[in-house]
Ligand code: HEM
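As structure tokens, one chain now follows by itself in the form predicted on its own.
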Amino acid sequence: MKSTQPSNYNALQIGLHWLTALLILAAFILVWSFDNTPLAPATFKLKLQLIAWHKWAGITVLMLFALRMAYKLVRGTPAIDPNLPALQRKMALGVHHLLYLLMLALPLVGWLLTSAKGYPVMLYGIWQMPDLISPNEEMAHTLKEIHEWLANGLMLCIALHVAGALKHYFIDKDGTLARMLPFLKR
């Protein structure tokens, strides 16, 4: 494990961050589209495709999460600005930890939910992922509720994360946002 912290995120870390963000956004849009597409013979195949893409996005976020955590252990990440007030540093760290926890928990619960419903997860339409639990409608109902709560929590954490980044850029005028958007002026 690396003992010194890097001063900036590198291209791989930045790319993984934004790819994960885009996939999370896509997952939300896909499930919203699924929920707002009427169930009718003309839209049945579309609804199945939307939910399949939602699952692909979620499982891909899970895989990227594992890659990000492994790379974080190898390379490390830049330290939070030590000049920030202690409360802001704790809030930033807390939001980051919650984001990581939710990027792990939300796809896992979705995968459990799909297994409990008795539906396979066909990753990218080519690989059937193993069921994590046996079909169980009561468990599926509980997991659906948990999945929705976790999704709402993720949206809230993302909103806090974005608000913090914008605060750093527009109010503090420091280089925090430029660490993930290198084209911005520091």
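Don't overthink the numbering: it's just position in the shown sequence, from 1. This is a predicted model, so every value here is computed, not measured.
Below, we refer to the form predicted together with protoporphyrin IX containing FE, which is not included among the displayed structures.
Worksheet item: Does the 4.5 Å heavy atom contact test between residue 148 and protoporphyrin IX containing FE in the predicted complex come out positive?
Response: Looking in the predicted complex, residue contacts with protoporphyrin IX containing FE include residue 148, since a heavy atom lies within 4.5 Å.
Fill in: Contact flag, residue 161 vs protoporphyrin IX containing FE in the predicted complex, heavy atom cut 4.5 Å
Flag for residue 161 set to no.
Discussion item. Just checking whether residue 139 would be counted as a contact of protoporphyrin IX containing FE in the predicted complex - the rule being heavy atoms within 4.5 angstroms.
Written reply: Output for residue 139 is no: heavy atoms all beyond 4.5 Å of protoporphyrin IX containing FE.
Worksheet item: Does at least one non-hydrogen atom of residue 116 fall within 4.5 angstroms of protoporphyrin IX containing FE in the predicted complex?
Response: So residue 116 does not count as contacting protoporphyrin IX containing FE.
Fill in: Contact set, 101-129 vs protoporphyrin IX containing FE in the predicted complex - heavy atom within 4.5 angstroms
Stretch hits, in order: 106, 107, 110, 111, 113, 114, 117, 121.
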